[in-house]
Every structure is written in structure tokens, then in C-alpha cells.
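A single chain, nothing else alongside it, follows as C-alpha cells in the form predicted alone.
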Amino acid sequence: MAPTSETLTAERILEATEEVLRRHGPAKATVVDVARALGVSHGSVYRHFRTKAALREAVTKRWLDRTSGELSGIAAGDGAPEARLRDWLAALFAAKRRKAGADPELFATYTVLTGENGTAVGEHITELTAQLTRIVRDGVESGAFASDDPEAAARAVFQATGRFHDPCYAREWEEPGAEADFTAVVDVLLRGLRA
């Protein structure tokens, strides 16, 4: 093990874990592999993440948070709610397609990890629906949308668009017509929300 001159941080461990997962896959990646990649003992990794499961959950959360972060600016924007909703959904679909297409091995790994880490996935979905709720609520307040319950409407929008962001549909995202299907679903949802 070569000594490392950089301070060992949780972020460095997560970066190394992502690389180890990409190389070995979730079934074979170990904390020892992560430690080896960092040039430290596995005990050093455990000082930051008490268990292998905690490390896997943290790397899953980090991956999911990247998508949430990309979308938060759209949700918080001051544009017309209808345009923000369309842009937010399009950005979510694009982010998921990019992750699946750019690095299919890592996407497959994270699909396994998200199945193991219900807490991280639940928090991610809660964050995404909160962003949608903000857009829908802004639409109701501006008179663009009609809804007695913006939170329920946001959940419905999220669920209705699942085919375009749920990883179990990833194979369909590049099929001919996927973009047209997405546009048609969003158009129907927006018509349903309009005041």
C-alpha cells in the first residue's frame, strides 16, 4: 500500500468507491478494494463509513443527488410554471438517459445499489417530488394551474412520467418514438393542470 499525501475525506472515498464499482461491479467490489485504490488501510475507510452497507448507501445517495442538484435550479427558477415544469421533466429524462447511455456499466451497478438502498432512493424521490410541488404550487398561485392539492398533483406528475425516469425502463429510452411519447405525456399532463 503506497502512502497517500492527500487527506482522506469522505468525498475521496466516495470517488474511489465509484471507480471500484465501475471496475468490479457491485457483487465483487469490497472495502479492501476501495482502500487499496486510495493507498490506505481498510480501517481508514471504516473510520468514515462504519459498514460496507453505509459506504454503498452513501455512494448511491451521491449519485442520486447529482440528478436532484441538476434539477433544483429549474424548480427554483422564476420562469413561467408551465415552461419550468416542461423543462424540469425534460431535464430529468435527459439526465437519466445520459447516465444510462454514457456509462452503462456504472448505470447497471447503480441500478443494483438503488435496489439495496431504499432509504437513499426514498429521500431522492421525496426531493424530486418536493421540487415538482414547488413548480405546481407556483403555477396555482400564478393562476396558470388549477389544483386543490399541489403536492398530490406533483406526485401524480412524477408517477405518470415514471417511464421516462425509472431505471427499470432504461432500455426503452433510446427506442424510436421515446422522445415523441415523452412530449405527448407532458402535453397531456400540462393540459390537465391548466386552470
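We number the residues from 1 along the sequence you see. The structure displayed is predicted, hence computed values, not measured ones.
Another form, the form predicted in complex with another copy of the chain, is not on view; read the next lines as being about it.
> Answer with yes or no whether Glu11 is in contact with another copy of the chain in the predicted complex, where contact means some heavy atom within 4.5 Å.
No, Glu11 stays farther than 4.5 Å from another copy of the chain in the predicted complex.
> For Asp181, is any heavy atom within 4.5 Å of another copy of the chain in the predicted complex, or not?
Yes - in the predicted complex, heavy atoms of Asp181 and another copy of the chain come within 4.5 Å of each other.
> Does any heavy atom of Gln159 come within 4.5 Å of a heavy atom of another copy of the chain in the predicted complex?
Judged by the heavy-atom cut-off of 4.5 Å, Gln159 is in contact with another copy of the chain in the predicted complex.
> Are any of the heavy atoms in Arg155 no more than 4.5 Å from a heavy atom of another copy of the chain in the predicted complex?
Yes, Arg155 is a contact residue.
> Only one of these stretches, 163-171, 38-46, 131-139, 62-70, has heavy atoms within 4.5 Å of another copy of the chain in the predicted complex; which one is it?
Of the options given, it is 163-171.
> Look at the candidate spot formed by Ala146, Val185 and Leu193 and say whether another copy of the chain comes within 4.5 Å of a heavy atom in all three of them in the predicted complex.
Yes, each of Ala146, Val185 and Leu193 comes within 4.5 Å of another copy of the chain in the predicted complex.
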